[in-house]
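There is one chain below, alone, in C-alpha cells, taken in the form predicted on its own.
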Amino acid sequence: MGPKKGGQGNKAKVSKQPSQQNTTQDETNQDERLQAIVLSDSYQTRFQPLTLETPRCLLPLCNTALLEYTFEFLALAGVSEVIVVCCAHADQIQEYIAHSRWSNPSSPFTIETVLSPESVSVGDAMRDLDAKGLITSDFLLVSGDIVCNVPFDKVLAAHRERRAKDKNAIMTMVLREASPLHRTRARAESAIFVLDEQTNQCVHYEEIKTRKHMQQISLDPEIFNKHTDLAIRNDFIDCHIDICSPDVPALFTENFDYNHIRKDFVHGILTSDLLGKTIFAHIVTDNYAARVRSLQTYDAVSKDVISRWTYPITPDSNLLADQTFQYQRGHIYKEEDIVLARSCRINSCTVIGAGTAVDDGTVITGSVIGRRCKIGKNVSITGAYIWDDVTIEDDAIIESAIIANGAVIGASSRVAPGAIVSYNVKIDRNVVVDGNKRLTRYLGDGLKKVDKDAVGEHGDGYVYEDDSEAEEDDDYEEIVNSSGLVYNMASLNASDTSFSTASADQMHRKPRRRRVSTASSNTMASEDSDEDSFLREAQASVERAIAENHDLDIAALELGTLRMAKNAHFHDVRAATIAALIGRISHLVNSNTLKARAAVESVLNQWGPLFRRQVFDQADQIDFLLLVQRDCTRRMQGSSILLHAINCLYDQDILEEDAILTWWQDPQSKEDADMVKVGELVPRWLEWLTTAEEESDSE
C-alpha cells in the first residue's frame, strides 16, 4: 500500500452504532462488545528527560498527542469501552481526556481512567485490573503510543470464531510484516515467532539479540508432532496490539513472575505443559501499524505520517478540534495564522503549526514545527522536531534533534543530530550541543542546576544522565546506539529492556579477601564474575519481593539463602539491597508518584527492617552509609533521598548517632565531587541532631 495523495483538510469523524431494539439483541450486543485497555505508561525511560515532565502518551507526534492516534485507532476498530491505565503523570492524562472530544456524549466509546501508581510493568497493571474486576469481555490491549489504520473487523471476527471453538484460544497478536531493517521497526527489539502455517497459531516465541549472531533456536520436539508445517519468522513489526480474552489478566495474577507481555507472558504460556492455552497471530500486510517505542521509531513514524502511509490518519485529518492543517504539494502541511518571510524556504515533508513566524533566509526541510514558534533569520532546520513555543535565534543550525516546548536556541548555536533539548532549556549564543546529548532543566522540588559547559554562560539547563541506563549491562551501549534519534547501523541490537547491575558503587566496594595462591588470573576473574552474579541475583530478589509484596521474613530468607549459596560478603548483600530499595524510591520520585520524603518513608518503613539482618556494628553502619551515599549520586534528587533515608533509618534505630557522625567525618564520604554534592543537605540535619541531643541531655 502506497502513501495517499493529499485532499481536503476534513475532520476525521466516527459515528456510533445504532442501539438494539429488543432484549435478545441487547444481550447479543453485550456479549460482542469490545473493551480496550490502554497502557498509558511504557515502563521504560527511553524518552527521558522529556517524560520526567510529560507522559510519553502525551508527547506530540506531528503536533498531535500520541494518545490521540491511539484513540482514533480504537474508534475505527469499533471499541465500545476504553479503560486507560495511568501510572506516571496521571493528572495530566486525566486532564487531557477530560478536555478531549472523547469525553463528549457523541464519542463512539465510553472512557474511564484507572490509577495504578505502584505499577512498574505491564504485569503489574494487568494484576491491578484483575483485582478491580474491570475486564468483563474480550478486550483489545494496546499502549498509548501506537499509530494504526488496520481494519479490525476481520481480525476480531477471526479471534471470536476461534474462541467459540476453543475457549483456550486466549490471545491474538497483531503483527505487521516488514523487512528486518524497516525504519519503523525498533532497532532495539527483535524476536522470532514460530507459527503454524495453516492456522497462524504461535507455538514458540523467543527474543533475540542480533549482535550475538544467533544461528539456531531450540524447539520442543513435541511441537513437530502437533504441527506439520511451521514457519520461523523474524520479519514482523510487533506493535503489541493484542486481542485478549478475560482469562489473560487472571493468568497474570496467578503468575507473579509475568511482567512483560511477550518475553514473560507469551513465552510462559507457550512453554507451559499445564495451562493448555493457545495464542494466535494475525499478520498485517496491506495496512499500517507502528508503535513509538523509542526515539528512532518516533522519527520513523513521524516521517510515515507526513508521507501519508498512515492515511486517513494524517495531519490534514485535523484530529483535534482546533487544528486547521491544509495539505500542499510535496507533503507540506500548514496551519492557519502562520507568518512566513518572503525569502524563507519551506521544503518538502514539513509541518508548521499555527501562530509560528519564520524570518528571512531561513530554510526548513523535513521537519515538524509546533505552534507559536519564533524562528529568526538565516536559520537552518533539517530533520528536526520543534515543539510548541520554541524560540530559535538568528543563524542557528538544528539537525535531526528534538527541541521541546519553551526552549530557546541562541544565535549562531548548533544542535547536532540526535540531541534532545527538553522543556524550557535555554541555550546561549555560539554554543554547540553535541549529538545524542540530552539537556533538561528538570530537577524537582524547586531545585536548580546549570551546566555552563553544556548551555553557555547565560544558558539554563544541564546534561541529563538516566539512572537506569547508567545501571545497564554490556548491552547498554548497543541499546543507546540503536534506539536514539540518530542510530548507529553498526551497533544494531535486539534488546528492548533495561538490565541493572546491583549497584554503581561496585567500583567503590570492599574487595574480597583472597588467599595468596598460585591460581591463575582466570580464577580471580571467575571470582569477580561470581560476585557480580550474586549482586545481580540479590538485587533481582529484593525487587521481586517488592513487586510481589512478599513477607519481610521470606525476602530476608531468600537473601540469606542466596548469600550462603554464593559465599557472599554482607557488604555485597547490603549493596544489592540498597540498589533495589533506592531504585524503587527513585522510580516513585521520578514518576511524580510521590515526593522524595514520602517515597523514602513508603519504601523504607516497609523494607528498611531488612537492614537489621545485614548491619551488625558501627563499621557495618559506616559501610552502609557510604553505599547509600554512592548510590544516591546517580539519582535525580539524590541529596533529598539521602537525607530522608538517613533520617528514616535513624528513627528506626538501624543507624546510630555515633556511626552517622563517624561516617560524615570519614574521607570516603567526600572522596569526589559527586559524593560532596549529594551530601549537601546532611550538615543541617547533623546540626539538628546534635542540638536535639544536647537539649535532651540538659533535661
Partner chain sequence: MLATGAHITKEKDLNAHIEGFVAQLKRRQIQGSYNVALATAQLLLRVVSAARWTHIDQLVTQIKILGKRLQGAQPRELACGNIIRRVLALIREESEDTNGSESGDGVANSPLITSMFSLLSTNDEYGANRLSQSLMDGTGKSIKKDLKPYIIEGIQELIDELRNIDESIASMGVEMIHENETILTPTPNSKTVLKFLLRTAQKRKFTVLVVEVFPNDVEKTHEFALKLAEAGIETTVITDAMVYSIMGRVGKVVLGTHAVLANGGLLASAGAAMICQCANVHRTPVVVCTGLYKLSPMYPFDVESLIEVGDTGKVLAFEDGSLVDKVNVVNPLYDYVPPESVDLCITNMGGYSPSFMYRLVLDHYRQEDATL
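On a predicted model such as this, the values are computed, not experimentally measured, just so you know. Numbering follows the first chain given and starts at 1.
Quick note: we don't show the form predicted in complex with the partner chain, though the next part is all about it.
A.B. asks: Kindly indicate whether 121, 252 and 265 are, all three, within 4.5 angstroms of the partner chain in the predicted complex, using heavy atoms.
C.D. replies: No, the candidate spot makes no contact with the partner chain.
A.B. asks: Considering only heavy atoms, tell me if residue 167 and the partner chain come within 4.5 Å of each other in the predicted complex.
C.D. replies: Judged by the heavy-atom cut-off of 4.5 Å, residue 167 is well away from the partner chain in the predicted complex.
A.B. asks: Hey, in the predicted complex, is residue 311 touching the partner chain, heavy atoms inside 4.5 Å?
C.D. replies: Residue-level check for residue 311: yes, a contact with the partner chain.
A.B. asks: Does any part of residue 608 reach within 4.5 Å of the partner chain in the predicted complex? Heavy atoms only, please.
C.D. replies: So residue 608 does not count as contacting the partner chain.
A.B. asks: Taking heavy atoms only, is residue 108 within 4.5 angstroms of the partner chain in the predicted complex?
C.D. replies: Yes.
A.B. asks: Taking 4.5 Å between heavy atoms as the contact cutoff, choose which of 92, 378, 391, 307 touches the partner chain in the predicted complex.
C.D. replies: By the 4.5 Å heavy-atom cutoff, the listed residue in contact is 307.
A.B. asks: With the partner chain left out of view, choose which of 298, 280, 96, 102 has a non-hydrogen atom within 4.5 angstroms of it in the predicted complex.
C.D. replies: The option sitting close enough to the partner is 102.
A.B. asks: Which single stretch, out of 536-544, 110-118, 553-561, 315-323, brings residue heavy atoms within 4.5 Å of the partner chain in the predicted complex?
C.D. replies: Result of the contact check: 315-323.
A.B. asks: May I ask you to list the residues of 58-97 that have any heavy atom within 4.5 angstroms of the partner chain in the predicted complex, in sequence order?
C.D. replies: Stretch hits, in order: 72, 75, 76.
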